[in-house]
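Subsequent text provides structure tokens for two forms of one protein chain, presented individually as structure 1 and structure 2.
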Structure 1
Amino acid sequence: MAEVAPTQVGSVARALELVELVVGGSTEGMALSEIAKAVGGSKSAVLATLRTLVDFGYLRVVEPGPKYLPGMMLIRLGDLAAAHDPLIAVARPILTQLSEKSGLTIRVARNDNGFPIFIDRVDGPGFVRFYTPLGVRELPHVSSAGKAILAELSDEEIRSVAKECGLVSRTKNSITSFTGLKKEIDHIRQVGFATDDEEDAQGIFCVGAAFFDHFGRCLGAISATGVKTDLTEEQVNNLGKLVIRYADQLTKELHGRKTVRRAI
């Protein structure tokens, strides 16, 4: 496990480390052996902490396995945190309009040094609901919002973020090399929107576009999420343009400005 600073409470630090690990792990859950190996702790000590986190709702257990997944308490905390974010009040009507227009689930993410933190969502119509916890720092290279944010960074900054997140694989479609990511970013810079084609979860397709503050800096991105279908290139482009339009509207409502991207 990571070294605990003198000012930190060891047991709390280790518990938070496990929560962060599971949240960023496989959508199918992580086994005890995987978690213990990842943090370098004994199975008995890790199991005791995991059981405590499950008891308090921060993690949940699924079978067969058992395997550990994020619990409902994380969603509740994310929702509570989002309720106090001033960006929500501005973004929510725009998310609602885009959801009604597209029929998809719409999320808004804040830019956290190149990583997307989703702070609000509006579910699309129908019975399909996506497990989309709020307030969690997500991997940038496997989400449309994350890639839209990355496209607004310099190549040096993108390389730094790629090193930090490790470009881990979530599905067979995930980008796992910097060369592949850079090629994707170059395309995003040309068309103005990013896609997640089953890169974070099988069967899920997303389109995202960035929004900006009054200095022209990327504040974050909004994304439209739906079940993967055989979309034509024209349909994807039309959806991308729609998401860009509402992202630009959010920029306007925030009194921001979309600057011409410098050569990077």
Structure 2
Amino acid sequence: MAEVAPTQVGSVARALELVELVVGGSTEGMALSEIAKAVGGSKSAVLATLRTLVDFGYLRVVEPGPKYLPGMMLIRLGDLAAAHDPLIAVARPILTQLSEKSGLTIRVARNDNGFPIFIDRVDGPGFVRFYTPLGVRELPHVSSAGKAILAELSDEEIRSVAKECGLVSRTKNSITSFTGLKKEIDHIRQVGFATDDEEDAQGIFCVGAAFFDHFGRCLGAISATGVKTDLTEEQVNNLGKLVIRYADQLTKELHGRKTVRRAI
């Protein structure tokens, strides 16, 4: 089976795999045989597990078929988990205000050892043209939030993170060399905000800025995301200053202290 170092509970692990499988599946839902085949278990065992998950609302079953879909409890738990997180609780009103002011989608990422994990998002008005998942470690070098975080690290930390993620390419604009990244970070340290000019996805432009705890350590970054249009340098600068202002506001409300960014 799977190599699990510490003591675990197998049936629970298998159940959680089922949840991820269904959540990652299509919006049509998944059938029992399909699920059993995917996880390589017997139909009867999978059925018992699915019933348990449905009982707790983690999944819901839609007739006819029976097909399994993500349940309401997941939304409830996600909402409660967000309410539990002090950072999200403080950040959300700020994200909302910045979204309204800029008309863009605003997200907040936590600094996870140099990697950004987006934990909340407030959509801008208009139809949502892109979807970015929450709660997962993202690539640091192709997102404005990630680069804003990187710019607050020491050079050796940056090198370590760059090595860990491999500086993989996502689009033709992605920065894939360490020297290129270093140059970019120098620029970020000068202007105080980071950009993502179609480096992660075609047609998407982002601006991000870091925020800090009361030790002056970078807790994460907020970013504004929109569809790429022809922005003048001045417009980018204005947006950058706006994002910085709200990031500073977040730092302040977290009783944090903004560090002097390392110039070189």
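Everything numeric here is computed off the predicted structure, so don't read it as measured data. Here, a residue number simply tells you its place in the sequence of structure 1, counted from 1. We call the rigid core the largest set of C-alpha positions that still match within 1.5 Å between the two forms.
Shown as structure 1 is the form predicted alone, with the alternative form given as structure 2. A displacement of less than 2 angstroms separates the C-alpha positions of Lys228 between structure 1 and structure 2, with the rigid core held in common. A displacement of 2 angstroms or greater separates the C-alpha positions of Gly71 between structure 1 and structure 2, with the rigid core held in common. With the core superposed, Glu17 shows a C-alpha displacement of at least 2 Å between structure 1 and structure 2.
Its Cα shifted by 19.7 Å between structure 1 and structure 2, Arg51 is reported here after superposition on the rigid core.
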